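A single chain, nothing else alongside it, follows as structure tokens in the form predicted on its own.
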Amino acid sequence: MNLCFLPCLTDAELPSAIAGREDCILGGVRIGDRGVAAPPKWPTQFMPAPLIGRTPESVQEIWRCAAPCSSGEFAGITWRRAGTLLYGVLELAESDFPGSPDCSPLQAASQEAYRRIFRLLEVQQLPHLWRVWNYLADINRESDGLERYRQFNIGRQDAFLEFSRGATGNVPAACAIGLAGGPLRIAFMAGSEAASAVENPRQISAYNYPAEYGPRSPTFSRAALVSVARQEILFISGTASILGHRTMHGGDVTAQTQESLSNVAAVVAEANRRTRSAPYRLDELAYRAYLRHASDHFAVRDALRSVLGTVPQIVLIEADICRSDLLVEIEATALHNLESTR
């Protein structure tokens, strides 16, 4: 399959990255300014969140294959498939879901989004959901008597249970990030082979959080390790300054960044216990760091550099985190060829 992951591409770099073979791009994301004259022909998640400390004002990341992909649309999902893996993108407006006394519009939209994803995977006979990127408006605001992130968690878990998928254990890697506005935006990767869920020994698994964090626990694993053809992908979920289930270092963005990186390192160490390829290194990962306050840019950058050195594959994004006392969240991705064995 020869899958290739290309992060941090500018508009100027994109043409050479795709080499005139747009039909070989599985999918991707555009972060920053959405104002493009001609939107990409492949499934693209648009994340209109400000990039921090970076010019130009937008970057893209893409998953590129060696051969053309098949593509289609299903219930509002734009998708492409390469062999046994699939990338899809979906946007749903909450205004299309009036809700009810027992179900907010966001909860209804979240449940419906995951229903559509699971139906598509059934049709494509690719049952295993590996990684999900969730973006929603005003994630920490309370509406309908409950914080919106907690409403999202109810809708997501209800869909998992409706489709007889477990809400604990081998669940996908994921993030849930808050934007200033707009629809519920979801991108996902799935395939025919089950991922190996990776947890963090420094943290309680998110799906086992106590009830103080909401009526339903978040349905995601700390990371997922996936073998596809002769390659292996490591997806590290959104990772923050949490030990056990408690937020650490309230109000201190430098300490929160360092704690988040310690958690990323712990997840990488766990993944390396079961990887079939060469061990993963912190300095090879492609990172996204979400900052609640753009003014924290220099502190976060310095904290990252103190651990990672000068890493070119890192994007800083102004966005809200799933807990109001968290100031930064970090996620990462890496792709190895299995010929690079231990």
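Throughout, we count residues from 1 along the sequence that is shown. Please read all numbers here as calculations on a predicted model, not as lab measurements.
Missing here is the form predicted in complex with 3-(2-carboxyethyl)benzoic acid (3EB); even so, the following discussion is about that form.
Peer 1: Is there any non-hydrogen atom of Gly88 lying within 4.5 Å of 3-(2-carboxyethyl)benzoic acid (3EB) in the predicted complex?
Peer 2: Contact with 3-(2-carboxyethyl)benzoic acid (3EB), no.
Peer 1: Looking in the predicted complex, any heavy atom of Asn134 within 4.5 Å of 3-(2-carboxyethyl)benzoic acid (3EB)?
Peer 2: Yes, Asn134 sits close enough to 3-(2-carboxyethyl)benzoic acid (3EB) in the predicted complex that at least one of its heavy atoms falls within 4.5 Å.
Peer 1: Does Pro218 reach 3-(2-carboxyethyl)benzoic acid (3EB) in the predicted complex, with heavy atoms at most 4.5 Å apart?
Peer 2: Pro218: yes, in contact with 3-(2-carboxyethyl)benzoic acid (3EB) in the predicted complex.
Peer 1: Is there a heavy atom of Ala109 no more than 4.5 Å from a heavy atom of 3-(2-carboxyethyl)benzoic acid (3EB) in the predicted complex?
Peer 2: Contact check for Ala109: no, nothing within 4.5 Å of 3-(2-carboxyethyl)benzoic acid (3EB) in the predicted complex.
Peer 1: Counting only non-hydrogen atoms, which stretch in 181-189, 91-99, 239-247, 157-165 is within 4.5 Å of 3-(2-carboxyethyl)benzoic acid (3EB) in the predicted complex?
Peer 2: One stretch meets the cut-off, namely 239-247.
Peer 1: Note which of Val267, Leu225, Ala82, Ala174 lies within 4.5 Å of 3-(2-carboxyethyl)benzoic acid (3EB) in the predicted complex, where distance is taken over heavy atoms; exactly one does.
Peer 2: Of the listed residues, the single hit is Ala174.
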